[in-house]
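What follows is a single chain, given as structure tokens, in the form predicted alone.
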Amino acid sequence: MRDEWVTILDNRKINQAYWKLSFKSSFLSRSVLPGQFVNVLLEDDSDPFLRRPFSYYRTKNQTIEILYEVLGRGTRLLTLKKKGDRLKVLGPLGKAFTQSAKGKKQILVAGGVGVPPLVFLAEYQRVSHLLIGCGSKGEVLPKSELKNVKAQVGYATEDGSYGKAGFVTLLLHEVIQREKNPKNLFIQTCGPHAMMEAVIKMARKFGIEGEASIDERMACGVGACLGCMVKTHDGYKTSCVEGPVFAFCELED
């Protein structure tokens, strides 16, 4: 883990929902795994005071890409950053997704800010399905962003403008129904809490193992502020250090 100043290489909007920012760092890109994240200080002063956590979206030749949505003041300020501007970045942080599903078919279920780490995972290794939930067609990633994905990609949009009409859990249910023995599946999910709760509920119904990346409000990124606690069967754990990835069996119903 290291805290260092980096120089922005590019920061641009790629569709109605996402911006993509890139910078180079030999240390912050070293041995990174899908599910890990960085904590970004936007300005070299006290405004905004808190850092913002962002999942790794892609790393290649020491270049790191972050995919983000504008969800508040911090991310709105980030959109104003240009090539040549600097950010202070702490990382790599957090526990990554499991790389081996022990021969089971990996099904990735993503939505919102949970899309970047699961695209990274589907590029990192071959998985069975990458299922992405969006509000509308305008939030669908450009095909160029998925060209290296080693999975069958499915989309669901809430307004029915692209792919399956409805929530992404409809796609997940279809995949489960096609499997003779659902216990041969392994689900990995990241996205809005309501989406992940529905995914975990469905997995438990069919006896499917898996894990969820739970992105709580991470201020420090090192487990000191205790602002990102996740309730588990073993008590509360920090999302930033003991997570953000937790096995379904660790999480309380």
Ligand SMILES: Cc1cc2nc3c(=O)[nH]c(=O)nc-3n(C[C@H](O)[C@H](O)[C@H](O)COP(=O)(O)OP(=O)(O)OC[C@H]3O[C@@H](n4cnc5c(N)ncnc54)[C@H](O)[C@@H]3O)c2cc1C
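All values reported here derive from a predicted model rather than from experimental measurement. Numbers for residues come from their place in the sequence shown, where the first is 1.
Not pictured, yet referred to below: the form predicted together with this ligand.
S.K.: Tell me which stretch of 180 to 188, 210 to 218, 197 to 205, 22 to 30 has a heavy atom within 4.5 angstroms of this ligand in the model of the complex.
M.R.: Contact criterion met by 210 to 218 only.
S.K.: Under a 4.5 Å heavy atom criterion, is residue 113 part of the interface with this ligand in the model of the complex?
M.R.: Yes, residue 113 sits close enough to this ligand in the model of the complex that at least one of its heavy atoms falls within 4.5 Å.
S.K.: According to a 4.5 angstroms non-hydrogen atom cut-off, is residue 69 in contact with this ligand in the model of the complex?
M.R.: Answer yes; at least one heavy atom of residue 69 falls within 4.5 Å of this ligand in the model of the complex.
S.K.: Residue 75: heavy atom within 4.5 Å of this ligand in the model of the complex?
M.R.: Contact check for residue 75: yes, within 4.5 Å of this ligand in the model of the complex.
S.K.: Answer with yes or no whether residue 53 is in contact with this ligand in the model of the complex, where contact means some heavy atom within 4.5 Å.
M.R.: Close contact exists here: in the model of the complex, residue 53 approaches this ligand to within 4.5 Å, heavy atoms only.
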